[in-house]
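Listed next as structure tokens: two forms of one protein chain, kept apart as structure 1 and structure 2.
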Structure 1
Amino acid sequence: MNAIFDTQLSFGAFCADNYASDSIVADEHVAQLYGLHGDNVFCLPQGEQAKSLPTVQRLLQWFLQRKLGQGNRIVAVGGGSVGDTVGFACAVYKRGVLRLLHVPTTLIAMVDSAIGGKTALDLDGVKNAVGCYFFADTLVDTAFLCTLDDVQMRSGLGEVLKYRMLCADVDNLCRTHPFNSNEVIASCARYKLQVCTQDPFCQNVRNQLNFGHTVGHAMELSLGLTHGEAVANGICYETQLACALGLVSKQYAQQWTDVVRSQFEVRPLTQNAIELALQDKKNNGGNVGFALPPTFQTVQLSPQTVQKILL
């Protein structure tokens, strides 16, 4: 394993009593749902509201009040917003002296966001405008899924769809297993861990994990879609973009477009979404960065080319 990326991915049951000596951070909904309370529990706002600098400031002040330091562990219990926020706070607190365990409670976090060390905050309406890396362990307990509603489960399926296109093993499992089965979740999580181990800081092969996210993040912000639904839309449009550029065949594009449409409503792409995509972190030199099939490495396209093909 890459020495920089020295993290553990495990599968099992989460019991809060086993972490009484640790500091637990959860969002308000998860804390209430699972009875997480006490002096060692800090509650974040639910959803994207957590991913802000003022929220991180309050969390850092809590770390200081608890006199946390070298060797202390934070247990982040929640979905992607909790993981992003807590990871960022751990990274900047005393230059990263804390240990962190992610306990993802949503499908989207189990298969994707709780693995790999990326942290992010939103700023001035731009998603994930602030962030850094902080590598953490992850404990996946699929029992959390029983509390999710259809909207949250569907959001997770957007990321599962991404892994189907990236990894034949995941795709084969999805053809024979329910998309939220333990086997599918474990396969997605292990694939991401494998990729991140090879490329912790997204210099080459890890770029593939951005597939669907340039358009996806823009549609998430402009239309208020859930992250997974937006990624599924992004996958559809970015596959069409790859086809128009001659990178994949029309048959390939049609096959995966049909898969997306069988699970998600594909929304019209707007000028506003394109403008938001111009602020994506993968952009370079005024061009827009996309991780396009079949190689899923980043391709830089001019805004004019993007607009001409997609609008």
Structure 2
Amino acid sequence: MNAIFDTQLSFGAFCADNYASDSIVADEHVAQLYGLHGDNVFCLPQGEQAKSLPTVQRLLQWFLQRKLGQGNRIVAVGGGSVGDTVGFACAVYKRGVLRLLHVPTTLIAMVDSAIGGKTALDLDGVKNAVGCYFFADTLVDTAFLCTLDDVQMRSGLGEVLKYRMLCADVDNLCRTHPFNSNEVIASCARYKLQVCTQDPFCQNVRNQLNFGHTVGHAMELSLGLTHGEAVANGICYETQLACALGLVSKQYAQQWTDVVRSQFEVRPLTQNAIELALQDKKNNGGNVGFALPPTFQTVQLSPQTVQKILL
């Protein structure tokens, strides 16, 4: 049973031969790129398409065919879509008896989605409509990044930027190392684990990880940006929001806005995006939650305040 938050985060080379007695789940594309095949390998559709109930049903049927139970381990090799899908299947299969090891293959998964136990599926076009927590171990092998395309890599860099603002250790490393270096990735991953260990079910400190995401999700939906690019945009606007509210100095806001602009194109914020942000799931009694600097605790703001500042 893996319901207790006592998970291991390790760094090193992934070699499928070492997992011959486990069941490996990967997406079709990753399986092909890395030669994952055989009786103990199940392939999911590529990317977001994996995150559906019919796919989970097929995966659960495969678990049953393999007679999996207590003591068996699943190894999920892929990006966040694979991790979210396999995590959900493991949580519901025989009430969570299986152990799960995430082997993230995208930058986003290495620094974010493969850590912290959140699982999710999409339903009727609603992203992450279904999900639960299932805590798992994680093995980060940054060698997977050599096949990742620029779009996916840049998307991951948006999340790295978030950790830079949340964690001084990450920021210091980013001043001397490439943002996708092993050192920076390990530092982000450790920070995420530390925050999730303190607050596994997202009741207080874990909410800081939503920084940049209230505006970011809205820009992702309205402009079709990648997740990380949208988060980078969200970081820029949410920092400006904090500045307008007097929470951070103009100098702080300018400094971080410059950092975002040096790496990402910051798009204009449209009325449509603001309206989407105001419908964000963190909506509480008509107000909207933002994890704002400098403390990154959630601040509830009225839609009128947000519109007045950001438009």
Ligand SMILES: NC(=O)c1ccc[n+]([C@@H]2O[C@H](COP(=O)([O-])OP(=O)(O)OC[C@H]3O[C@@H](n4cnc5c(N)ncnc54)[C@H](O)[C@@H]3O)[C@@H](O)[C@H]2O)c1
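Worth saying up front: this structure is predicted, and the values here are computed from it rather than measured. Structure 1's sequence is the ruler for residue numbers, which start at 1. If you superpose the two forms and keep the largest set of C-alpha atoms that fall within 1.5 Å, you have the rigid core.
Only structure 1 comes from the form predicted on its own. Once both forms are overlaid on the rigid core, the distance between the two CA positions of Val259 between the two structures is under 2 angstroms.
When the rigid core is held fixed, the Cα atom of Lys127 travels 2 angstroms or more between the two structures. Once both forms are fitted on their core, a CA shift of 2 Å or more is seen for Leu60 between the two structures.
With both forms fitted on their core, the C-alpha atom of Ile274 sits 2.5 Å from where it sits in the other form; this compares the forms between the two structures.
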